[in-house]
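Single chain ahead, written as structure tokens, the form predicted on its own.
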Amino acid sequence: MAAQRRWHTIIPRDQLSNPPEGIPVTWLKPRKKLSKIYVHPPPRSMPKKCPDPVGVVTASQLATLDSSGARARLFDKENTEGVRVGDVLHVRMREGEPVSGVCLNIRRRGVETAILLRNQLTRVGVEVWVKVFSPLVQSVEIVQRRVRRARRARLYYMRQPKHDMGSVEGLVRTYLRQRAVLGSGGKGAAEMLGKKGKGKGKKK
């Protein structure tokens, strides 16, 4: 025969004024009062304190790297005299040799603004990305502007031999020579003319 099951009734002690007969009762201790749970206040709302944290950091970095704001205006879209794709640029570095080439692309991303320059070295096309606001960049000069405004934002078609501009070293040398003459106040031009006159006299 199967053993009889014994049912135990669990009743709190404060409710056992008249316990039922014939049913074993399990006595319980009175429950303790629960301690209060401390609820921490919610954190401060960052959007209210600083709605645009990335913009604030970018502005502070630009104020440090470009205090005068001249370089930012040079690459501003709304500036009609700024740099455009298709222009020949000459970038002077604080360390190392300068970089020059045709601007194929301008990537405007705040402090990470960069330009893609293309040139030819020993008849081999070479491209380099230059970060405009880098501390290593001393100056960015426009050697020659594009005759017509480009209809594209990226002039990657100039990589093809049909549209390749070739080496820009000749344009850069002419630009630097003219700049040196203008910077010397015309003395350099007079000396060059004098040397040419003397040479002609000797040949005669």
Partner chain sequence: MIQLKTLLNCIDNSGAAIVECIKVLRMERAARVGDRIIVVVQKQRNFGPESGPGGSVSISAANKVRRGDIRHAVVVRTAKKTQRKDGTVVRFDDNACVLINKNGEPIGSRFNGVVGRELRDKQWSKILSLAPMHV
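Quick caveat: nothing in here was measured; it's all calculated off a predicted structure. Numbering follows the first chain given and starts at 1.
In what follows, reference is made to the form predicted in complex with the partner chain, a form of this protein that is not presented.
K.L.:
Want to guess which of 52-60, 175-183, 39-47, 131-139 is within 4.5 Å of the partner chain in the predicted bound form, heavy atoms only?
P.N.:
Stretch 131-139 is the one.
K.L.:
Applying a 4.5 Å heavy atom distance criterion, does residue 93 contact the partner chain in the predicted bound form?
P.N.:
Yes, residue 93 sits close enough to the partner chain in the predicted bound form that at least one of its heavy atoms falls within 4.5 Å.
K.L.:
In the predicted bound form, does residue 97 have a heavy atom within 4.5 Å of the partner chain?
P.N.:
Because a heavy atom of residue 97 falls inside 4.5 Å of the partner chain in the predicted bound form, the answer is yes.
K.L.:
Look up in the predicted bound form whether residue 125 has a non-hydrogen atom within 4.5 angstroms of the partner chain, and give yes or no.
P.N.:
Answer yes; at least one heavy atom of residue 125 falls within 4.5 Å of the partner chain in the predicted bound form.
K.L.:
Taking heavy atoms and a 4.5 Å cut-off, does residue 152 contact the partner chain in the predicted bound form?
P.N.:
No, residue 152 is distant from the partner.
K.L.:
Within 48-77, which residues come within 4.5 Å of the partner chain in the predicted bound form, counting heavy atoms only?
P.N.:
Nothing in this stretch is in contact.
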